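Shown next as structure tokens: one chain only, the form predicted on its own.
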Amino acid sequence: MRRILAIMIAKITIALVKLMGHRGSNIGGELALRMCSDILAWFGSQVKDKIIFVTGTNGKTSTNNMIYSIIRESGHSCICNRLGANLDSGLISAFINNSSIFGHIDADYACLEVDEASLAKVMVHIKPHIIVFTNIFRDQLDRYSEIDVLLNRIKKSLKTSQDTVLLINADDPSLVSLEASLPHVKYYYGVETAADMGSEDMAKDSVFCKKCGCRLHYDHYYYGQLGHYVCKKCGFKRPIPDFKAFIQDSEEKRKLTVVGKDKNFKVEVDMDINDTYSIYNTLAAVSCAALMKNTPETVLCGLESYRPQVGRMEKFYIGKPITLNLAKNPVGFNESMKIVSQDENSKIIAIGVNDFPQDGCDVSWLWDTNFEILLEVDDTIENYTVFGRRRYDMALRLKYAGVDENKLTVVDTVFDAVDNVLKTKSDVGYILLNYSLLFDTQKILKGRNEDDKTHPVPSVS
């Protein structure tokens, strides 16, 4: 009875919150969890076939939603937290949204994005059949601490579910280091082509061997610490991927080919030539789909029906093209700014930084971010606009990067930031921001959008 009451109250609350114009992706789950502590386990026990978790620092939402689209295309029902609410309350809300008033669900699969720091907490209640790991970067130091601390938390959580199959990014040495102490069945995916992702000169995280502490040698480097690596002292090295991605570039487009270990599984996908970071998201999703015995035809149909969520390189037209992108850590911002730097048009860039708990209260990561990338195209940038609670920190960081103060504008509100982007004379505009600023900014842009054909494309988030 307590469980039913919790679900009823949560459903009513979610409906009211949505009527007020909010998303309601967490609040229903929070209420239900307070009233019934075992409700997540109850929902998980009703999934008929498999539960898939997608976790890591960047790329969780895009990867998770691609897998969801493929599952739906295969003809199966699936529960998914598509908006990216990835704490236990967000997972519960996803189940509640798809349950009857009595808490019953009719789902073959559950495909759930899970916050990497909350993995242990969630796995107390649900033991997934497959966990897809995207990458591990430094992110929100007040929540996650350094990479080694986070890896230890992940190891402890995985030891509680040794039947779970792990799908790991072979190009990330931090994730691959999990292998030594875990008895799980493991599969790896990785990029084989030595493609230039425009990050050769950027700082790398976690480039020291987790076994012996020596610096890793890279035969090829993509971004972050992702690449083809080996430790020349102890022999730790990139494993041979079970699922390999090959990249073929032409002047106007990029073709991504994913090949399975048995060579019978092959998927070819056309991508935007400038869209480097979604290569890994697509590869991870396709690899997971292959593990679940989907055909290449089903996978392709699923990828075609996939639509990115809010703020993933989302396009608007308001007097000029405006691109909105979520970036929440050094790697995310670096990858976003790489795209900005490839645009030869005159541009205005607005950068928004908040420090709410969902963003990370510690903003020292601003000094680990390579904002100097923007100086490479400074002659095409008409104005730098900063907003959000930590706008003055952002202004100071840009000043130390070498930005001319005469091109720097500090504004108080999201409305002011959008107005400045629109009124500044430029061919295009870019708005890069972290999580808590995203939905208010998107709402304003969507309300003023003049072209209903504009649409988002996949991103690093």
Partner chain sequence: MIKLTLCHLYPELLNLYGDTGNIITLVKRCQWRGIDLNVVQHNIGDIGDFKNADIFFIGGGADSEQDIAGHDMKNIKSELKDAVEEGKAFLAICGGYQLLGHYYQNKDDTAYGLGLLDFHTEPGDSYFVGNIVVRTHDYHLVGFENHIGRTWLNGLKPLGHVVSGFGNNGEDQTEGLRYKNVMGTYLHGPLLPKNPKLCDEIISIALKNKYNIESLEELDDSLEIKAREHTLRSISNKYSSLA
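Since the structure is predicted, the reported quantities are computational estimates derived from the model, not experimental observations. Positions refer to the first chain, counted from 1. So that the term is clear: the rigid core is the largest set of C-alpha atoms that superpose within 1.5 Å between two forms.
The form predicted together with its partner chain is left out here; the points below concern that form.
Contact with its partner chain in the model of the complex, judged as any non-hydrogen atom within 4.5 angstroms, is confined among 423 to 431, 396 to 404, 56 to 64, 43 to 51 to 396 to 404.
The contact with its partner chain in the model of the complex, taken as any heavy atom within 4.5 Å, belongs to 389 out of 127, 389, 254, 76. Checking 344, 362, 376, 268 for any heavy atom within 4.5 Å of its partner chain in the model of the complex turns up a single hit: 362. For the chain shown alone, residue 372 is a contact residue for its partner chain in the model of the complex, at least one non-hydrogen atom being within 4.5 angstroms. Contact check for residue 356: every heavy atom lies farther than 4.5 Å from its partner chain in the model of the complex. Remark: residue 102 does not count among the residues lining its partner chain in the model of the complex, judged by a heavy atom distance of 4.5 Å or less. In the model of the complex, no heavy atom of residue 33 sits within 4.5 Å of its partner chain. A movement of the C-alpha atom of residue 399 reaching 2 angstroms or beyond is seen between the shown form and the other one when the two forms are aligned on their rigid core.
For residue 413, the Cα coordinates differ by 2 angstroms or more between the shown form and the other one after the core has been superposed. The rigid-core alignment places the CA of residue 96 less than 2 Å apart between the shown form and the other one.
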